[in-house]
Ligand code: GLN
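Only one chain is given next, in structure tokens, and it is the form predicted alone.
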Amino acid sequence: MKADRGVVWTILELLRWTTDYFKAKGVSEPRAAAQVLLAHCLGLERIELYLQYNKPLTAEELASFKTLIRRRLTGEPTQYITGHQEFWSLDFLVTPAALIPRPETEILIEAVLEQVQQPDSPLAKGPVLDVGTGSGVLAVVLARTLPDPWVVALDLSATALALAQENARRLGAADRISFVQGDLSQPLAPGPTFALIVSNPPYVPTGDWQRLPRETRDFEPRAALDGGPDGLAVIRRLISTAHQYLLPGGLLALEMGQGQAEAVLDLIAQQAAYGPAQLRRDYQQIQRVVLVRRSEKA
């Protein structure tokens, strides 16, 4: 792409060129990346690119877009470049302080809402704990969706908590969420308090780290992804302690990695306080979510 004097680049021509260029350089989802970055550069929605496809770019706009292209070629995720990611049809701010929200995590919310919406569910109005809130997607969506919710969003990272707080403010949920810094349940008062505990914990085995895509390995926070030697270090701690903070009949809902379902079910079976567990598959038919209730008699 050249910004030479006399050369006119329209939106459509630039989209085609950038898509081909990204393909040649091995950039993932090249067309979507080209669209998102150009829309961000021009302050437009993606659909508007095609409504204004003949619009020529100025030299300043071309220069700005070239900067975004260079950043993407280093492996920097498109979401960090634009600072935004859609999740549950909401626009969340994202920064390298927290994991980029994935579509798979929407499966966790869907599974939780199925449980909450059952007749006479004890989960409908109870307090919620989001462990490892990151950018706050679980806390914000549940605060906006559940009837009369009160959510505690917990994270060890102060910068992640600040991001989650900003997302809650922007999306109208700040008055229903308390933000607490700390490691798992350590900052919480002992005793059964919550009707629902949710978490998208780190679950990538340490040995798999170098095999992750460059966008993930080099730019996203390792603490939000690395789950220890078997990927279950944090999940193991959550399962072993969550029942102490759940009300009788309360629900623990966790996201997990590919191939971890059997080990997670074994961990749950070792705790007498839990009832039978349920699993949910993601869009790739991977067992992605586990749900288990604290026994009424525990």
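Numbers for residues come from their place in the sequence shown, where the first is 1. This one's a predicted model, so the numbers in the text were calculated from it and none came from an experiment.
The form predicted in complex with this ligand is left out here; the points below concern that form.
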| item | value |
| --- | --- |
| Location of this ligand contact in the predicted complex, chosen stretch of 68-76, 222-230, 119-127, 141-149 [non-hydrogen atom, 4.5 Å] | 222-230 |
| This ligand: the contacting residue among E104, D91, E166, D208 in the predicted complex [heavy atom, 4.5 Å] | E104 |
| The single option of S178, T216, T95, T82 touching this ligand in the predicted complex, heavy atom within 4.5 Å | T216 |
| 4.5 angstroms heavy atom contact with this ligand in the predicted complex for F87 | no |
| Contact test in the predicted complex: N200 vs this ligand, heavy atoms, 4.5 Å | yes |
| Contact of V204 with this ligand in the predicted complex (heavy atom, 4.5 Å) | yes |
| Contact of L99 with this ligand in the predicted complex (heavy atom, 4.5 Å) | yes |
